[in-house]
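Given next, in structure tokens, is a single chain: the form predicted alone.
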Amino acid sequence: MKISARNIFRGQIESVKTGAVNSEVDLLLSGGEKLVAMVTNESVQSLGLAAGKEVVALVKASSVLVMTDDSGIRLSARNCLAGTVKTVTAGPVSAEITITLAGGAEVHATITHNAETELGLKEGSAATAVFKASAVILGVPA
């Protein structure tokens, strides 16, 4: 599979909680991190999503926010993955930030150059990748 999404996570479904229209799918990534996806009930059925099934989770880099200090604020975004900044590739308008998680997975974020400067992002600094469950696309082998 070739795809433009920069973030490709492999994991196993821990649980599927079905609602009236959508389902919440809890994943355990290979490095031990947890990820939450919100998909339609139709997708759950057509992909055969169930506890124990291996899946691929895709997230576009432009859907990932970067946080360096939560200041005690709670967010509605279900996915907050803490790690260390591996690289900062700065451009005149935007910057790509790569955050390495404790389990070794990497999360890529594309943010504005101003945000990169204001956050003081540099290699080795602590950062958290934040994205909504609805930004996660799930895939299974065909």
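A quick note: this is a predicted structure, and the numbers were derived from the prediction, not measured. Residue numbers run from 1 along the displayed sequence.
Heads up, the form predicted in complex with another copy of the chain isn't pictured, but that's what we're talking about next.
In terms of contact with another copy of the chain in the predicted complex, the residue from 51, 47, 102, 28 that brings a heavy atom within 4.5 Å is 47.
Using a 4.5 angstroms limit between non-hydrogen atoms, residue 15 is distant from another copy of the chain in the predicted complex. For residue 115, a non-hydrogen atom is located within 4.5 Å of another copy of the chain in the predicted complex, even though that partner is not displayed.
The closest heavy atom approach of residue 82 to another copy of the chain in the predicted complex falls outside 4.5 Å. Of the heavy atoms in residue 125, none are within 4.5 Å of another copy of the chain in the predicted complex. Within 4.5 angstroms of another copy of the chain in the predicted complex, the stretch 90-122 places a non-hydrogen atom from each of 90, 91, 92, 93, 94, 95, 96, 110, 111, 112, 114, 115, 118, 119, taken in sequence order.
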